[in-house]
Structures are given as structure tokens and as C-alpha cells.
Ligand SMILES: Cc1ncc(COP(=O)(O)O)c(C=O)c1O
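One chain follows as C-alpha cells, the form predicted on its own.
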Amino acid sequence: MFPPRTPTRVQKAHTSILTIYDFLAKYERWTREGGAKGCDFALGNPQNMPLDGFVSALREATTPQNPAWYAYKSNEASSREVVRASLKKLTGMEYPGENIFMTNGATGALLVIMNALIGSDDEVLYNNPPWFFYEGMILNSGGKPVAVNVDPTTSDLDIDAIERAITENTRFIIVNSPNNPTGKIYSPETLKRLGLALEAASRSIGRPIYLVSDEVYRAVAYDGAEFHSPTKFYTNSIMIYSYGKTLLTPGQRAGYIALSPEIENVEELRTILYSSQILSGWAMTSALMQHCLPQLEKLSLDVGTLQRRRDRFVAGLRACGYEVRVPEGAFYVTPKSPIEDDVAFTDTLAKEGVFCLPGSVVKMPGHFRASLTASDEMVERALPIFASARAKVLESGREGVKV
């Protein structure tokens, strides 16, 4: 399977993403064959036209204003100032500009952090079920991924389990709120307990255990719920953010890393993160997106529209007989599959033109994930198909319908 002398870390990383790798190949075929009639709930891709303000900002930024308009860009002072103002409003804290690193979205931010901080014996904790690339990225950076199950009833962080999972080799923990795939928003009480646990563990070990706060969905909170940044409850925190979710433009990569104002070893962290940006393929936000940033910071997708779609979709699925929780935030609903084999069931849906992610890909076997970024029209077309597919597999009297 691998070329001679392929590093072990690369082999492990590749193996860890085989389920999503296989799904993406299948998904490409589904969308190609389904065409305009397909109902795409699979990956959080936009199914409506982008925000007018986003298009206008891009259009205006393409016109160069000086010879260096499209020159190499780093962590531009103007971009850092936009982010500083945003973080002051979000957290109440004053972030030094030097603590902000402009990246190619949140994935680029994670890559920079992992390449900078992970050593061969280091362990990285993250919640389970997770975003499907955490494990592979940790392995590819040479670390050991440690998944910690969330509370099965509430989907909340299990602080006791996190404390038990921490060892002398723990380098950092990734916390994703609102969470993908569960939609859980972690409360201040939970985050305070987490901060206290990390402080105690750091004292015991004799060095900081960092908290990496993945906040890409923080603008997407429903029913008046308030998002609280985990970075407010723990000094040694590193925030990552992407504008791609807030603007629903995941193909235009723009995001950042922000070191908490009172984080320990800040000078050393600044140096190693900047080096990692350079050595990770000049992992800075592009010139065009940095020119747009003052306008982009003002924009957001319509959360009210997403919430109404969530309510209609959840109610419709329940009327069809599905068991499904109501997400508090983010883009996804995760119904229970009517059969144990979630891959077979999503294949059954795909034959009828409805595309969903098997729960196995996000460590939720027996479920499937559907994105609220589908259009309202797709929801209405898909609900009868969800109903008929469920009836079909249940009437078959066996698990694993032929697809």
C-alpha cells in the first residue's frame, strides 16, 4: 500500500482517514451522477449563493492599490488589528498584535500548531466523537492521539475522563465548541471545571498543558444560546478560528491563531509558531483575503435561517420515525440510522439522491450526519426520501440492504 520507506507516522495518519478517504471518493461519484437533482447534506458545503457583501469585498480587493498588493504576505499588522478588535469584543481581553497569526483557515492553524508543538512522545487529547481529521493530523505530526468520550447522555465534556486521560506526555487538548458533529455548546460551568483540571495537571507535571480552542462555529448558536470561548477560563490557551464557517465560504481559506494574552512562554511560542507558518508551506492567509478582512469581519451568514431549517428538518425526521437530538449550534444534525450499518444506509439514501455522511466517519457508528447548509428546497425534497428509505430497510428484516 505504501512506497518503500514511507514514514510510520505517515502510514498511521493515512490509515486513520481511510473512512473519510473512501467516503470522499464515493461522494464525488454521488454528486457527479446526482447533478442538480441531488440533495447534498454531506460535508457542510454551501448550497445557496454566497453573501453579496462577501462577493463585493472580493471584487473590490482584486484591484491593486500599490505594487506590493499581491506580494508575499505574512501576519499583516492591519489584519492583526482587525482580529484584536474582534477578540476584545468576544472575550473582553486585550490581545497583543504579536500574539495573532493569520492562517489558511482553521485547518492551516491546526497544522501550524501541531508542527510547532508536537514531539515524538507527545499526546494530544480531543473529544470523541470528533472532527474527522484531528486524529490523522496528530499522527502526521508524530504525536499520539488520545480520544476522550463525551458524556453519552448530554454530549458534554467528561471532565473526570479528561483528568484520567492526562499523563506526563500530554502536550495539549483540543476543545471544539460549538461541537462538530454533536452541536453541543459547552457551558461556562463545564469550561471552568476544565480550566481548573488543566491548571492542576500542569502544576503536577511542571509545565503548561495547552488548551487549543477550535472555535470555527462560534457564530452559529441557536435558540439564543450564548457561546463562551474556552480561552476565557484558562490562561494557557490557544484559539483557532476560520471565517469560512461564519461566511459559509469554506473554499476561501482565512483564519487565525491567537495566543491568550497571559499565556506562559509567549516569546518562545511566537517564535516557533512563525517558523512553523513558514515551514508549513507559507501558511499565512492570502493577500486577497487579508485585504478583504475589514469587510469580512462585519459579515455573517443568517443564523435565524439556519435555525428555522434545523427546526423543520428535525421535526420532519422525527415525523418519519428517526431518533434525532436538537443541536445547540454548528451545522449538523446526527440522527440514529434505522439499521446498525450506517454506511449501507447512507448508500441507500444516495441511490435516491440524498447524500449524508456515515456516522462511522465521525466515530458515531449507527448514526449519520446531515448538514444544515443544504437548501430549504433540498430539505423538503429529501424528507419523503428519508421516510421511504427508513421504511425500506426496516421492511427488509435484515441489516445491510444491498446497494
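Start at 1 with the first residue shown and count on from there. Keep in mind the model is a prediction, meaning the values are calculated, not measured.
As for the form predicted together with this ligand, it is not shown, yet the points below apply to it.
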{"property": "Single option in Asn115, Ser155, Thr107, Ser86 placed near this ligand in the predicted complex, where near means a heavy atom within 4.5 Å", "result": "Thr107"}
{"property": "Residue (of Phe227, Trp131, Tyr322, Tyr126) lying close to this ligand in the predicted complex, criterion heavy atoms within 4.5 Å", "result": "Trp131"}
{"property": "In the predicted complex, segment of 229-237, 176-184, 86-94, 285-293 with a heavy atom within 4.5 Å of this ligand", "result": "176-184"}
{"property": "Heavy atom of Tyr217 within 4.5 Å of this ligand in the predicted complex", "result": "yes"}
{"property": "Contact test in the predicted complex: Arg310 vs this ligand, heavy atoms, 4.5 Å", "result": "no"}
{"property": "is_contact(Arg253, this ligand) in the predicted complex, heavy atom dist at most 4.5 Å", "result": "yes"}
{"property": "Proximity of Asn99 to this ligand in the predicted complex, heavy atoms at 4.5 Å", "result": "no"}
